[in-house]
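Presented as structure tokens, the chain that follows is alone, the form predicted alone.
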């Protein structure tokens, strides 16, 4: 059980820790270019920018600075080319083409929107541009298609719902009834489908008593909360974010929803500043071990350095772990793939050399060891972390208690198997403690 307060952990790491030891820069690779131009695409405007996009930008600023301070990649400094992901799909695709043709980037790291992660890969293949999807969650990217030049260095949303189901059965094994409260678009429907199917496969006698689909950013959820109070489910699962998440927290607290039912929220990694205000007993989950004290910074130098660098640069951590940790994973994956390709070829690598090095790659990150374990070596797998919010009365602040980390192979389908098929097969081959 974890009792360390979030703010205390950050303060101790930032103030008491000595600076990270300097590393000897790698020699410049033969045939290396003057610079490595990297397109960084994230949400800089719109309703999701503060929640996802700006933390990702801050993380990119801090981590590119780190890589360049250490000599770059193969002796070549990274030059980030920042662009806003906001806008319709055709605009996003046009911007990708502009990055390739006009900005002449060597690769692109980007995309928070699942719709964009579905639209961009075909263009990346056409232009033969190495493209690293850093954050989007849809399972469709590599479960419905194959790509040569496209990789995703974060796990997909399958681990959110599967991790939630496994945590729920550990925390409340006698659960009998559940309800869903999810926004009426692809993310909400996919989240509920994965969680409910996983839970009912693990515990077939669980009954669904209510399934609610508020519109995206509906705001007022009083009608939905009334239905949940009437249905009295043992557990309420939701994947709300933005104003809808704020509404269910405030309105649900006032009306006693959290006293009546256990509420579990999947993929809560953007609840960073909001963590202090979450209700007692609220279950939160993370697509990867993305929390200031998980992994333990004392045992993970990259975790420690990430918090230190962000705090030094911005006066606080880079923001919600959802965007920030995933951005760093993408940069770490790119760096490791290039270095592996340089070692294999003895020169500056071609894009095809880097692609070959990237497939089934493993690399270290602030979240621990990341493996490009599925999707033909193009899709990362990660651990899933869940915990319960608990008010520490002595410190008068929330802590994350009853923490459980489910190993990657316990919550990710094996290579070549689709998420829902794996659930229906009874999680065949899952390695769970």
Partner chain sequence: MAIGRRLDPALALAGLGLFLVVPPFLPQWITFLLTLAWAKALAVLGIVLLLRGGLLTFGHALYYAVGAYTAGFAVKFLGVHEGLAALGLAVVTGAAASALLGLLLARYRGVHFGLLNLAFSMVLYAILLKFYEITGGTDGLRLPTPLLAGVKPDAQHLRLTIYYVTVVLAALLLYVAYRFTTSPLGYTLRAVRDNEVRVEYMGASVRQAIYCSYIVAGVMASVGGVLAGFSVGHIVPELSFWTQSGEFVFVALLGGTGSVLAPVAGSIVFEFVRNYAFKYSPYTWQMTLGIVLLGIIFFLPGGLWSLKGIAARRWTIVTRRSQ
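From a predicted model like this one, the values you see are computed outputs, not experimental measurements. Numbering follows the first chain given and starts at 1.
Note that the form predicted together with the partner chain isn't included here; everything after this is about it.
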Checked 262, 245, 208, 119 for heavy atoms within 4.5 Å of the partner chain in the model of the complex; positive is 119
Residue among 229, 298, 127, 170 with a heavy atom within 4.5 Å of the partner chain in the model of the complex: 127
Just to confirm, residue 316 within 4.5 Å of the partner chain in the model of the complex by heavy atoms? no
So in the model of the complex, is the partner chain close enough to residue 360 to count as touching (4.5 Å, heavy atoms)? no
At 4.5 Å between heavy atoms, is residue 189 in contact with the partner chain in the model of the complex? yes
Any non-hydrogen atom of residue 147 within 4.5 angstroms of the partner chain in the model of the complex: yes
Thinking of the partner chain in the model of the complex, which stretch from 299 to 307, 71 to 79, 332 to 340, 136 to 144 has heavy atoms inside 4.5 Å of it? 136 to 144
Honest question, do 57, 115 and 184 all end up within 4.5 Å of the partner chain in the model of the complex by heavy atom distance? yes
Which residues within 220 to 242 place at least one heavy atom within 4.5 Å of the partner chain in the model of the complex? none
